[in-house]
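Here we start with a single chain on its own, the form predicted alone, put down as structure tokens.
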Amino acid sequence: MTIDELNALGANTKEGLARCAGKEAFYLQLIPKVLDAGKYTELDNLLKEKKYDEAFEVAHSLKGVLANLSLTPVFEPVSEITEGLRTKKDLNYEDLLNKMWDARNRFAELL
């Protein structure tokens, strides 16, 4: 996985690197951790089980780390999920989950 590959998928590595004090090795070390399927699966399951308060906590956590690393294509659907859950808005979470998984999986292929 390289900075160029991440950029090609839509990450804003310039911002992400800035949040990591410009330390490319550290930034690249964090990417696999945030792409681990565990939290995404947990969020998916909680939404399907309509456990919205618990889903909000997971989504909010994911949103924060995705924002810090500027993995924009994954961040955007997770952010929409988070804000929908925060305001208790009736959203099509399945479509957002599909977008989240598609983006996450594209990045995960780099690993």
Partner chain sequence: MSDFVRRRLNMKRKVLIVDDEEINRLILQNILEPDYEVVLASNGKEALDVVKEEGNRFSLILLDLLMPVMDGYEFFNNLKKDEKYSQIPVIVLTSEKEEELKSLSIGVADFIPKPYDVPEVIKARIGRIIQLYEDHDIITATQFDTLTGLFNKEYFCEYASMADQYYPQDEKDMIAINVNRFHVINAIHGRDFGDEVLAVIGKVLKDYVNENRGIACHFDADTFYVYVKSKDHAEGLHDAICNSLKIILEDSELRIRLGIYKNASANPDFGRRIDYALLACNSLKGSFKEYAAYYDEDIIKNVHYKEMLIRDLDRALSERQFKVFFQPKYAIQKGEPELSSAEALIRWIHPEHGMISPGVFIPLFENNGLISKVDHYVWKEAAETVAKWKKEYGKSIPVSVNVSRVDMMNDGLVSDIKSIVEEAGIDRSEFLLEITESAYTDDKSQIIGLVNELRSEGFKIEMDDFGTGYSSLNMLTDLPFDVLKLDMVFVRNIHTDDRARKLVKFIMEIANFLRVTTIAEGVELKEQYEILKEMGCDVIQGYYFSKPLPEEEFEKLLKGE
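Residue numbers count along the first chain shown, from 1. Worth saying up front: this structure is predicted, and the values here are computed from it rather than measured.
Not on display, but discussed next: the form predicted in complex with its partner chain.
K.L.:
Quick one: in the predicted complex, does every one of A21, V34 and S61 get a heavy atom within 4.5 Å of its partner chain?
P.N.:
Yes.
K.L.:
When the contact criterion is heavy atoms within 4.5 Å, does L69 count as touching its partner chain in the predicted complex?
P.N.:
So L69 counts as contacting its partner chain.
K.L.:
With the cut-off set at 4.5 Å between non-hydrogen atoms, does K51 touch its partner chain in the predicted complex?
P.N.:
Because no heavy atom of K51 falls inside 4.5 Å of its partner chain in the predicted complex, the answer is no.
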